[in-house]
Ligand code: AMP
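Quick heads-up: it's one chain on its own, the form predicted on its own, in structure tokens.
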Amino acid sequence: MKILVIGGGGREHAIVMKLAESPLVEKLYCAPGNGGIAAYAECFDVKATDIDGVVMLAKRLAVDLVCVAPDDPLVLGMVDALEAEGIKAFGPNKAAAILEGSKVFSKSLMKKYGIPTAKYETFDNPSDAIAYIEQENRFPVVVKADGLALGKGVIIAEDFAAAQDAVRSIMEDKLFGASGNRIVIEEFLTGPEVSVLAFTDGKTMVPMISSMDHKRALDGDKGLNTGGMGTVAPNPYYTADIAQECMDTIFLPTMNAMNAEGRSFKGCLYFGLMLTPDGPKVIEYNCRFGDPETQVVLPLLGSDLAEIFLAVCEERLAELDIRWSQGAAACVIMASGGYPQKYETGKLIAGLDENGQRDGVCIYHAGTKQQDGVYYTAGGRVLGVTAVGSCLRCALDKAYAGVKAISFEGVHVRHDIGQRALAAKR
């Protein structure tokens, strides 16, 4: 098969490298790709959101399958456009991608079908939202922009003044653009967070290995929310009993609810969960592979990813026996200094070979460009240094050894990735 992967970050690099292992794959393409992806796939300078451009490229290359990895093109309907031209596409169509595209839709769906989630209300004007927060008088409180915001459209407000500021900055100052025209005000849940990605063809749901993301920029879970500073898998809080409970109360009910709404979901469905004292609850859905969760989940996949993509597209996922490795994986993000706020790019990266890799670890490029065989920083999150080991401690030690051997000016790294997971295991 010839496969085209859409996107240009660490998640797409992980997908490309896993597809490269498949005997079914003859040729890999990526649009737009990045410096590291270019060593494994032929890259084309077509934006991930350029639906017409991607369709034209897929036809010109005569690809057998397109994997649409990022949220924006899925929500815009790229899968619909590809399928209209008879091109197989892995990912949900526009009607199903609304599960991530609108938090108001996803919360309403959960309420309608009894899927456990935090108590919430939705608002389309700031004064009503502020009046509701004042009336509830429970803090911290969570304020979410309705639409896509690069994984950053959530503010946790510790008191009334902060909540007021959050509402105004999202709705009036348009901190997240038009995504903040409507907001969700949600109760603050407590408990361990778990990310579970699942393959689904609308009939069968196959959860992948669980993972734990580290969203805050600084050690000790302090600082601003980011797109993710590191991940580990599996998540020790996610026991076999909890996995079964999630399958029965969340995963299958979500698949069935989307079918009942005429929005059958095919692709990768991401469940952001909180294991509360009252049981597992959904914090958020994503309509695609998580980033950087993919960077620790796919290295543990023992089955052929291309075969899985094909089975999902052809609605025969039930035929596959999907296998996973027994070990653990850890990914540490090397980010530009100042991320997630202002940062500089174009810094020379030392410590990588000509393919942008390093022995003993797998380097997933999130924001790099390559010039004359040398790599430079080109984004906020630059590299995901991933290692697999027989235990989580082994994987973390290998990942951090890899981080130490790579450098660029102003590099920012969290030094405590996986520490909560290790503490949970004791």
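Just count from 1 along the sequence shown to find any residue number. Keep in mind that this is a model prediction, so the values were computed, not measured.
What comes next is about the form predicted in complex with adenosine monophosphate, which does not appear here.
Residue contact with adenosine monophosphate in the predicted complex: Glu186 places a heavy atom within 4.5 Å of it.
Taking the partner from the other structure, adenosine monophosphate in the predicted complex has a heavy atom within 4.5 Å of a heavy atom of Lys215.
A residue is said to contact a partner when one of its heavy atoms sits within 4.5 Å of a partner heavy atom; Met274 meets this definition for adenosine monophosphate in the predicted complex. Although the partner is absent from this view, Lys144 contacts adenosine monophosphate in the predicted complex, with a non-hydrogen atom inside 4.5 angstroms. Among the residues Asp72, Asp304, Glu284, Glu261, the one placing a heavy atom within 4.5 Å of adenosine monophosphate in the predicted complex is Glu284. When you look in the predicted complex, the only residue of Thr239, Ser325, Asn181, Asn225 with a non-hydrogen atom within 4.5 Å of adenosine monophosphate is Asn225.
Site residues Lys103, Ala118 and Glu193 are all in contact with adenosine monophosphate in the predicted complex, judged by any heavy atom within 4.5 Å. The stretch among 276-284, 157-165, 261-269, 342-350 whose residues place heavy atoms within 4.5 Å of adenosine monophosphate in the predicted complex is 276-284.
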